[in-house]
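Before any questions on binding or motion, here is one chain by itself as structure tokens, the form predicted alone.
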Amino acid sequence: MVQKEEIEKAKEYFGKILEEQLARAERIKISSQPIDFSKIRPIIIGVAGGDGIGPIIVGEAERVLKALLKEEIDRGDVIFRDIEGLTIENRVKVMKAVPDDVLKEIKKTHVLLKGPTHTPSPGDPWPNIESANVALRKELDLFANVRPVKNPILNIDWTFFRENTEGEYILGSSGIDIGDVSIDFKVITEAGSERIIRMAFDYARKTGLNRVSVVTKANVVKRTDGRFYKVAERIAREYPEVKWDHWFIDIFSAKLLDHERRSDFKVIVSPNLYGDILTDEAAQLQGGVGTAGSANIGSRYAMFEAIHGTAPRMVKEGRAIYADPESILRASVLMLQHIGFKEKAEVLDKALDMCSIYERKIVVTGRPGGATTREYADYVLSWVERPDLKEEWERKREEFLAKAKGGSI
């Protein structure tokens, strides 16, 4: 039997959460303008290896980036800075998702290239501390999770805009147990919804894609998802040239697998949890989560990472040197775009296409017999340095698509 005093404590607890979220909603309204990186010198890139395979794949991504940005580094326009201590051992030592001294160092950078970090789960030998990713998104207000996915054979080229600081995740470690009942909280604000939805519509307009699909479950989750939908409806009126539609998460998940419908989708925007699930599903159509990168963008800070985890089994079995770095390299493309090096981003993007799609002279399998992480990075660098990259990319792409159309791929 639940005692009345337990219910009163729960009411008081919820009241504090409500006060915190109302205050957060007000802070969002006065968020600063995005940084103009053309006026920032030097640009400071923080590098955090994380856990498991993280240090290995991030190390190779850093090597590729330093080759691409050699002139800028030599001029002092770009500085790479190692961020130590974002490991599960160090986080558990101080029982914080992100230790204070580590967060302080991260805040001295403009962007962070980050490896996967371990999040303890039930049955895990580590104490159940909050996800470092979720904590960083909250602390740095990284409200937009941007994840592109493409597959030329399937004729898909999607860009997902996932709200990153609200929904179920923002209070994921703040639920309560009352007797036999467990309750978690979901929060969606007007201002939080507006900034992610507006970013998606801006992107659709600037790129000429002119199609935005809004994904919710507003027919059932009427308050939070309902608010997200209503904000989308309002914002859409400001972009008359951009077509938009609204989908429920369940049927939209199915339509991503529908070969007759999926190529229609261009820009997708959704609340946090749905975006997390959808982008993993979408990444599988690209070649798996090991092939997809992710950008976490706020007004002041930005963080770029692989979308997969730390691969503890690979580490335990001694296979970490065979980890696929494509995901963190795809994230590096997004980082180069974000800080204003669009031509270099295009070079890396095309080099990755050559290595992972159109030529594939070496293949990472995650096991002996496949390429090592370093061998794959060397392969990417060999294309980055090719003066005929663009021409070869176009030629190989045409050959690849012709073979695919003929059924030989």
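Just so we're clear, the structure is a prediction, and the values are computed from it rather than from any experiment. Residue numbers run from 1 along the displayed sequence.
The following text describes the form predicted together with a small molecule, which does not appear among the structures shown.
Contact with the small molecule in the model of the complex, defined as a heavy atom within 4.5 Å, is made by none of 18, 168 and 174. The closest heavy atom approach of residue 88 to the small molecule in the model of the complex falls outside 4.5 Å. Proximity of residue 307 to the small molecule in the model of the complex falls within the 4.5 Å heavy atom cutoff. Taking non-hydrogen atoms only, residue 133 approaches the small molecule to within 4.5 angstroms in the model of the complex. Put simply, residue 276 is close to the small molecule in the model of the complex: some heavy atom of it is within 4.5 Å.
Checking 159, 337, 109, 119 for any heavy atom within 4.5 Å of the small molecule in the model of the complex turns up a single hit: 119. Note that among 214-222, 91-99, 133-141, 241-249, the stretch whose heavy atoms approach the small molecule to within 4.5 Å in the model of the complex is 133-141.
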